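First comes one chain, alone, set out as structure tokens in the form predicted on its own.
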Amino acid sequence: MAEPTKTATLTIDDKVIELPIYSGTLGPDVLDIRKLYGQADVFTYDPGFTSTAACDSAITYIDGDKGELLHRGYPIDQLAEQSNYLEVCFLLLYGELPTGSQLKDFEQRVTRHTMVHEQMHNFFRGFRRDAPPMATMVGVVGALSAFYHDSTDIADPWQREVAAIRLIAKLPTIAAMAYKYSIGQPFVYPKNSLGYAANFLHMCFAVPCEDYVVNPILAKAMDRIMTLHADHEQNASTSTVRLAGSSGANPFACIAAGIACLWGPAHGGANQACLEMLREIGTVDRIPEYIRKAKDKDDPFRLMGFGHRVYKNFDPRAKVMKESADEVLNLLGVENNPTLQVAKELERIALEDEYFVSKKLYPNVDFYSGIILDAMGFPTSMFTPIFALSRTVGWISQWKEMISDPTGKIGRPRQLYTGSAFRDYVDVRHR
């Protein structure tokens, strides 16, 4: 970290404390409070850590007011339109876009690690058939450390590198196996002749009894979904991975912790909630009723997939995702699918209605990704697993950055204690 750019003065009773202020490349300055407890015997109070910088990072930057998302300085819309997922993976992991030879080497390394240990098939069979794919993924990813313990020494840079490649390569395989297991179909092995996104679709939808050819439009759309979800700064699941990693836990355990956090409906379930809302609306003729409900402050109903907690202007990922949604729906058609008909009409209204425009309630990335995944044939139970495999590269990049930070410490948030004060124990006979 660079030298502080200025200081702030904090006065508590008759004590004056000088606090350093640091400036990043972009974004707000940060007030350094690391010595505050020692100097003033007080903590700061920030539930949800929404005003606290827990680390310094050079990976991803978000400006919610401008609707800006940068990976290593590159805007997400440029990456999604001109790049591909594995190239973005390289960028997130190593800090720069790869040369042609570097990208080829990286793609080959990922491809050679897409298979999982054969004994892991037995691990899957220990789950009930109706287990949600996310539940299966949490367990299986955590178990990777039992199969690949030659890449769990976090002090060894090479083992960290091998673990990173293995996780990026194997998460699509594990997600596809979880899906196949949940629907009672046999596992489909990876195909080295296919690209990353096409290989995932093949593992999900191919069956041994007939050939399955991945449509390039669907492969491109899946690649974009992965790219647009690759990293999103210090969100809940990324913070979980960093917190778990700060204890020295192995990378497989840390990523499993991230998946568990993403499983929460307030985090990774937005596109699933959006599709469920579209199905609740049911038909186009019912849209006006739900629009009225959304505008009514006294009605608890909320339109899912519109607006964003971070982006106060527009979600920069949504424009590119809309293009993919249009391509997929043109390919697969919406005429016989009431849910997709509702989605298209609701999108049109939201982009034209003054209420939505004035409040900047634009369709976000979850709105479009849910539509695409549904059109492809994925059940809603697979939406969050696909999010998880896409986000794995972000998690592992953040984890690697944290591990290499010489000033890193184990995470230990503080609290404002509001329980009972000191009390003496009373024997049960006298209570």
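Here the structure is a predicted model, which is why all the values come from computation and not from measurement. In this text, residue numbers run from 1 along the sequence as written. Just so we're on the same page, rigid core means the largest C-alpha set that superposes within 1.5 Å between forms.
Below: the form predicted together with ligand SDX, not depicted.
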Have a look at Pro98, Pro190, Gly307, Pro316 for me and say which one sits with a heavy atom within 4.5 Å of ligand SDX in the model of the complex.
Gly307
Let me know the one among Ala244, Ala270, Ile287, Leu340 whose heavy atoms come within 4.5 Å of ligand SDX in the model of the complex, would you?
Ala270
Whether Arg160, Ala164 and Ala253 jointly form a contact site for ligand SDX in the model of the complex is the question; each needs a heavy atom within 4.5 Å.
no
Residue contact check: Cys209 to ligand SDX in the model of the complex, 4.5 Å heavy atom:
no
Any chance Gly184 has a heavy atom within 4.5 Å of ligand SDX in the model of the complex?
no
In the model of the complex, does Asn235 have a heavy atom within 4.5 Å of ligand SDX?
yes
Would Thr392 show up as a contact with ligand SDX in the model of the complex if we use heavy atoms at 4.5 Å?
no
Of 194 to 202, 98 to 106, 139 to 147, 351 to 359, the segment with heavy atoms within 4.5 Å of ligand SDX in the model of the complex is residues 351 to 359
Would you mind checking 358 to 390 for residues with a heavy atom within 4.5 Å of ligand SDX in the model of the complex?
Lys359, Leu361, Asn364, Val365, Asp366, Phe387
Does the distance between the two CA positions of Tyr362 reach 2 Å or more between the shown form and the other one, the core being superposed?
yes
With both forms fit on the core, is the shift of the CA atom of Arg309 between the shown form and the other one 2 Å or larger?
yes
Core aligned, does the CA of Ala198 move at least 2 Å between the shown form and the other one?
no
